[in-house]
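Taking the form predicted alone, here's one chain by itself in structure tokens.
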Amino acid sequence: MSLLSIPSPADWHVHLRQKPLVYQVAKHVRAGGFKTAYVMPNLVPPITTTEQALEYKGLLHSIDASVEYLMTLYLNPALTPEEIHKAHKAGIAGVKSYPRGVTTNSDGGVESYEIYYPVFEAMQEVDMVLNLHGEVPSNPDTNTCVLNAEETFLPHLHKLHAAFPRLRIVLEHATTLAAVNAVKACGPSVACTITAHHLALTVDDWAGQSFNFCKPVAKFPSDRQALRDVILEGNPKYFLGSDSAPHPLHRKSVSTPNVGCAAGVYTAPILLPLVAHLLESFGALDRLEGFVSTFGRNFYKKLASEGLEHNVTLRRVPEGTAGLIPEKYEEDGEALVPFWAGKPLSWELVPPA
């Protein structure tokens, strides 16, 4: 097989940042083979209202109007059922929950889910999606750290699903066998995103290597295998959410005794070729269309909008001539280093005719 045609791939979890970085980053959605982007709200300040989400969407459209941006709100104590109804009418697609302090710009995140039950009830009523960053904060008193923070979170998923069985919930960027099994144990209203980089990395790859460091961190080889296995199964509850999260070079490559490197892996500009390369590496290339297109669109009830239907064609790079991922992307003096910088990929995008 030397050519692959994928109908309307969609990235169900992407960070596009804010000024000035957004002017470079937003253009990389299409560069990576995508025209649908589910946009995260953890800016500074976070996107907490319908007006803010629509203003941000307008900025993104001014950079690349050919992309469909699906906007989200940041779950916070000021969010009300009334705002949920308002957001739904305005086309806002979901609400993102960040446990406080676990990842980038999450200082205003959740400490208790029970206080949000009226908000979740409203979301269930209007059929709006709840996106969960599935970790709890590290706590030495409970023996909780980055390696078990996801598994420790999973009882919250089950409790929310039991309380709101019709609420569509996405457990974001799963990294463990436990997370895969937890989503399988839930009903059809619960799904799960998997990133490209977590299909490649284990703990050894980020320990001491800042450019592979992200939240949640990659775990054990058996956990990585669980992610690969569920894709091989073709289970429609699991689909691509890249969690592409760019940081300027000086925030990824430099840390001090008091400030660590930023958490995030940048995959957007190479995303579709990278996913094809990785799926082929473990015998799942025939699952590519479901993983990057069909499964996520079906769960989100978002068929490609009129004018945005498109087939993306990938071609195999001839053996021995594999293209190398750029060492960095640079614009207006701001450098971003992509995942696997300098490494070869076996697939590339065919430019539109």
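One rule holds for the numbers: they count along the sequence shown, beginning at 1. Computed from a predicted model, the values in this text were never measured in an experiment.
Same protein, other form: the form predicted together with a further copy of the same chain, not shown, and the subject of what follows.
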Q) So which of L177, A163, C186, L147 reaches within 4.5 angstroms of a further copy of the same chain in the predicted complex, heavy atom to heavy atom? A) L147
Q.
Considering non-hydrogen atoms and a 4.5 Å limit, which listed residue (V126, A78, V259, I115) is close to a further copy of the same chain in the predicted complex?
A. V259
Q) Given that the partner is absent here, does S210 sit within 4.5 Å of a further copy of the same chain in the predicted complex, heavy atoms only? A) yes
Q: Indicate whether a further copy of the same chain has at least one heavy atom within 4.5 Å of a heavy atom of L336 in the predicted complex.
A: no
(Q) Whether N181 contacts a further copy of the same chain in the predicted complex should be assessed with a 4.5 Å heavy atom distance threshold; does it? (A) no
Q) Can you check whether D204 is within 4.5 Å of a further copy of the same chain in the predicted complex, heavy atom basis? A) yes
Q: Using a 4.5 Å heavy atom cut-off, indicate which stretch of 155-163, 237-245, 218-226, 117-125 touches a further copy of the same chain in the predicted complex.
A: 218-226
